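Only one chain is shown below, in structure tokens, and it's the form predicted alone.
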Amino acid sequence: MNQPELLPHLFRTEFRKMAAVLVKSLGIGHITTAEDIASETFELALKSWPYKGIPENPVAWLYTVAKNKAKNHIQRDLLFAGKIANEMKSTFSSAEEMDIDLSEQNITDSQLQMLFALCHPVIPAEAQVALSLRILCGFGIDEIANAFLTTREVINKRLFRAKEKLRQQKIAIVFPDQRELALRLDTVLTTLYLLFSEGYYSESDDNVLREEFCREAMRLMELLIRNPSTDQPKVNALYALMCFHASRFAARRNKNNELILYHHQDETLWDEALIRQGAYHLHLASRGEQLSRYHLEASIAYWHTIKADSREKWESVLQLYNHLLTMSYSPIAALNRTYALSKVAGHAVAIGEALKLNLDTNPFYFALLGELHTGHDPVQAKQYFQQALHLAATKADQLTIKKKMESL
């Protein structure tokens, strides 16, 4: 890897590790300090490497600089005066004694502990996702702002409020005990589910796919799976769901970054290794008697790795959606269930069920009605597609609907 490519690559892979370990070492109240130290480390590399050359071991160089900067921060009276100094003295009697453990094991442990700390229910879900993107995934403020279709000022305020709440509540950066784990794991899974969803289908960005968001969600899921305490059925089910969806990344958009709908995808581009991996973890998810929404969604996603339009497939998908809606209702699930119904019982029955949903502010509702009327009532289909186009939030959705209208 040449010099221009190396530092951005290391920032993406090492910033998150460095930040997690530093926050764990300094305490939850010093998230911003940890971010500053990590950022300053990379800024120094950006200034010095082009002139002095790339160090023999770039990662070791970064970690050594980060350690030294952390010690310097502790020594600065301006940053560590009064109460903060007393907090530090409870952990380190002097900066010289401070030893930040940057071993692979501690990096892994720190990221997992930080995941539970950042997903604490004292802060709202959108802040949990934003903090996770920043601290655990290494995304910049501008990237996060772009993902949520807002400004860097709004994101900075959101992150500041969340950090303050964590500091005020003195949230510990530790792995929860068994009782607390049972309460907190669902919040962690919800955050990672939202992170993956933001990448897979972003309503706040005109990119068809933010693949890096999905990959980061899967990486954090793998941390949970590798830990015996969190290697639970619902964790494997959610990871299986992500694997099945990720297997179609290459087929989901064309060279112009335009969305390719499921039925028009080239299945030879599907990643068979990821499908097998998803099937393996879905099998692991069947342990015990626990059944979560992730089990049902993963099973639906599994059936979509089989492209053939068999009756068995759509009857199975329909039953899974019926179960999912009784467990966790959502408009999108209801619409998808109606599409499956059309495959089993025909368009006329599905149209009747769709109209009962009355989701007249949802573009996918009208897009589905347009789809169901295509072929036997093109005039009505076009009217529904026009309503969908009016409500569509992204350029990708607008383009897809326009193509549907042209095909009429």
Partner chain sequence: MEEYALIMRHEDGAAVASPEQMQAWMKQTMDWIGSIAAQNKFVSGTGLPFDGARVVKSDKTVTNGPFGEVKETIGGFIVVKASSVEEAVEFAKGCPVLQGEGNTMEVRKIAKGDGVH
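Residue numbers count along the first chain shown, from 1. From a predicted model like this one, the values you see are computed outputs, not experimental measurements.
Note that the form predicted in complex with the partner chain isn't included here; everything after this is about it.
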Stretch in contact, per heavy atom within 4.5 angstroms of the partner chain in the predicted complex, of 316-324, 190-198, 158-166, 279-287: 316-324
Contact of R337 with the partner chain in the predicted complex (heavy atom, 4.5 Å): yes
In the predicted complex, E40 touching the partner chain (heavy atom, 4.5 Å): no
Distance check, K52 to the partner chain in the predicted complex, heavy atom within 4.5 Å: no
Proximity of A45 to the partner chain in the predicted complex, heavy atoms at 4.5 Å: no
Interface residue in the predicted complex among L357, A381, V65, I28, criterion: non-hydrogen atom within 4.5 angstroms of the partner chain: L357
Within 230-251, the residues that have a heavy atom no more than 4.5 Å from the partner chain in the predicted complex: none
